[in-house]
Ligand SMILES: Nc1ncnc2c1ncn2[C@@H]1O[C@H](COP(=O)(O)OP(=O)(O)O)[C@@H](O)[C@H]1O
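Below sits a lone chain in structure tokens, taken as the form predicted alone.
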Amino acid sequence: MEALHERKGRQPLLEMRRITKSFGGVFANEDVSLRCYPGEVISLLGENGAGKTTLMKVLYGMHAADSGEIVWKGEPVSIRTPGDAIRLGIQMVHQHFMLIPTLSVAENLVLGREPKKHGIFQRCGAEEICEELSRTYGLRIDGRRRVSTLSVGERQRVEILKALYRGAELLILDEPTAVLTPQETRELFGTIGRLRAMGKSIIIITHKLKETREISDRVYVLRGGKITGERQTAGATIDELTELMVGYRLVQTQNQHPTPGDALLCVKNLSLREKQGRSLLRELNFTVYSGEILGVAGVEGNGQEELIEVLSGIRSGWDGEMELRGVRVEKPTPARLMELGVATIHADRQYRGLLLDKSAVKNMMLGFQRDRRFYRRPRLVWKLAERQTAEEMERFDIRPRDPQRAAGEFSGGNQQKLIVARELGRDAQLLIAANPTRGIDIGAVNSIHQKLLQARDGGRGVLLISSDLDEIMELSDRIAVIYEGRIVTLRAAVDFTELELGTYMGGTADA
């Protein structure tokens, strides 16, 4: 693609030349160069922590580069703030949207550039602008709707329209499909295709290989803050891009779907309401068997967090029944469930999973205080605990390999691996795993997937609650879809297509 542009003598819209950025002596970007041409979609591919977002924040004026040069339309430019980038025609849609929920779509769209008459905001004018932009770019949205009522995909549409209203020629999308259903992802890709045809340039920050190959023209791969490869997307294979990302070939996950054993966890008519009376969980019924992975799929915010809190003993005040190996559990607590053989990987690693000011070894020992492997009356034997922690850090590639380092000083991905190592290390028959691979690199994702399958094949039951559709479909033996606190379908994973699963996740299929 780039060679074609150069043969035609086209000037790049953007050049980033030898950009270097470090934090506390650690390089986030080192000597990174890239080009983007008008009407081109670039994928910036890499593991978490590879330096993708940092590089784009340098471009958007959120970080100042230590060295290097940015060239825009053939001229060197200084971008010190997002305002500088916006004036040039560079816009960034962040992974966490920056909309005001209490305002309407049109009000969010024009915020900071409101249409006024005699100094008074013209709401009708804002709605007309929204309608015109929606029609021009094929992004249909009602400007009168309050943002708080929108789906995730609709909010993303507003962010893109807001960027286009501000004159974006280059649009940076940070992990744009992270919380979208398959249908919303396809709609987004359709939008990207239309923008490309109109001459807009787009840089997509992602770690998803399939999406990279589907939507981009060229791909730059980062690893450890450096560019490890640049490819025309059409000619690049998934194996090749994976190796550029992690430095080695991955063993593909093989799921044989064995015959499950006895019931481990049985949930009957589980319901939960807020104090205000709103239903959070609505009469959930499901069973997790030994030797199976039951996946719970759904767009985030549909009751998954509340379900995890109930099943791990954190949340009380619910109605229904919970049985473990045929025995009803009354008023479960985290300690009691741990005694009964339940391990939990919580979705929020910092709030639920770790004591950030305590060492890695102390975090690894949470829940093991009376374990015979480490406990000698009247206290834990810390030398044994530290040795065990060091072994787990080696096995799960947790860096730096320092058991005495405070958990809060590890990167997010390494914090996640610390939790997964601890929970898989329990002698637990039931593992509740909520987004177990969020925020970690593709090599560690592959390793954890293998370990979850090994746990299942060893006779454990796994309740996998994940917003990653690929993860759910790859690992699950059966899949339940949760929407607005209710399980709308539950059946064998092989009976779902991706499209059908996404339809249920979006609430648009018949229950």
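Position 1 is the first residue in the sequence shown; the rest follow in order. Since this is a predicted model, take the numbers as computed values, not measurements.
The same protein also exists as the form predicted together with the named molecule; that form is not shown, yet it is the one meant from here on.
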Segment assignment from 35-43, 48-56, 466-474, 449-457: heavy atom within 4.5 Å of the named molecule in the predicted bound form: 48-56
Phe23, Ala28 and His63 all contacting the named molecule in the predicted bound form, non-hydrogen atom within 4.5 Å: yes
Is any part of 285-319 within 4.5 angstroms of the named molecule in the predicted bound form by a non-hydrogen atom, and which residues would that be? none
